[in-house]
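For this one, two forms of the same chain are given in structure tokens, first as structure 1 and then as structure 2.
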Structure 1
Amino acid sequence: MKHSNAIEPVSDRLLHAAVEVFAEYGFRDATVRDICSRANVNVASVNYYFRSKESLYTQVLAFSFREANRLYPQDAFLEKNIPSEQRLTLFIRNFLNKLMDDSHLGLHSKLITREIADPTKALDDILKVEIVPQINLLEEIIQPIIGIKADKLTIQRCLLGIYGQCLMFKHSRSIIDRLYPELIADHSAIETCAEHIAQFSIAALTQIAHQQEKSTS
């Protein structure tokens, strides 16, 4: 898709075009020439505005996370005065809706998925700036549910278990569409799935907390 809006800054046009090209081809197979062609700019523009293809790619990944957070604000579950179970439900609802978005945000999600499956040097920056803060936030949310006696490895398994339930819907969507299409038929169905994941996770976390109490009593 050509980006022909002359009013839009060149750097922004390059970012939007790069999201499309990197999502479609991945970092290694994407070309600067194709990105510049889609942005309707001179082929030297990438070096001028971003220094290199690698630097552009890193900024495109960061932009993709920012765009996802802009469309799906995190304000609701950042509030520490609400019950942890409610915060977890809001966190899961936000994350699953973000993953299942079929709008242009789907390109950003595809781009991030490609990077995780076939990582480049940019992943280290993305981990530090975007992913680790989210993991730390989720840990903060589940800690009161799972209890203070849970060890580090147990907490890590729980974190990945929650993420894994959500990511299953994203990465196995073609299978779910064929097996159980009603589960993700529309926004309401996705919301129901998010509620289920939250209830399932809260029950598991509570059970683990009880087991921890028994083992130390």
Structure 2
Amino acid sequence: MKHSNAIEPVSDRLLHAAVEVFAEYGFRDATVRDICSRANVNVASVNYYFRSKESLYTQVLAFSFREANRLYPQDAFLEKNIPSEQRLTLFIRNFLNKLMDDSHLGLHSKLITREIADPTKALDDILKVEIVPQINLLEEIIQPIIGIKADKLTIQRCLLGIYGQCLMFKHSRSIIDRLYPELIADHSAIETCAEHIAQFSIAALTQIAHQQEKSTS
């Protein structure tokens, strides 16, 4: 006797349930039984359809990245003929929206930041396929703002600074929820935060650019 909501294949139900559970508890604290009960399937199904809990987790991560990129495509700021400042603003807005998406499919960013904060074996693959290309894109964007003469390490520090301002909203969500809930009350509030980070960073970057010019002239 199949269960009530049997429209969706078992393996798909497992994958979706696993996204929820892994996002909520992390790989180590998520339990196979929890996943299976949410998917309304037997405990043995995880090992039947996916080889193991770990293999399921890997596939969940891959699926999450696909979904995140589907919902928040990076098309808008790929065009190189718009001003760098505007490209940076678009990039930050897109990234922050992706991070703060609390909808059903926004669990993906939780998974990823969890993986960064507490890496499993899966991190190295993620780095290569997803994170490095995104970082390279951001570097390409801020390069014209900061100037050609900029030190390589300086650029790296700027990159991390911009990422840090964004990721703060995810990694320290627990604190923001408790101290500054207004900042992330709704979508428009988050947009304002993105706008702020962009202006903050552009101001700093141009300032650094001026200093570079001075010191090398």
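FYI, numbering is relative to structure 1, first residue = 1. Values in this document were obtained by computation on a predicted structure and should not be read as measured data. What we label the rigid core is the largest C-alpha set whose atoms superpose within 1.5 Å from one form to the other.
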Q.
Given these two structures of one chain, say which is the form predicted in complex with another copy of the chain.
A. 2
Q) Any chance the CA of Asp29 moves 2 angstroms or more between structure 1 and structure 2, core superposed? A) yes
Q | Core-superposed comparison between structure 1 and structure 2, Ile202 Cα displacement 2 Å or beyond | A | no
Q. Against the rigid core, is the Cα displacement of Val41 between structure 1 and structure 2 at least 2 Å?
A. yes
Q) How many Å does the Cα of Glu20 travel between structure 1 and structure 2 when the structures are matched on their rigid core? A) 3.4
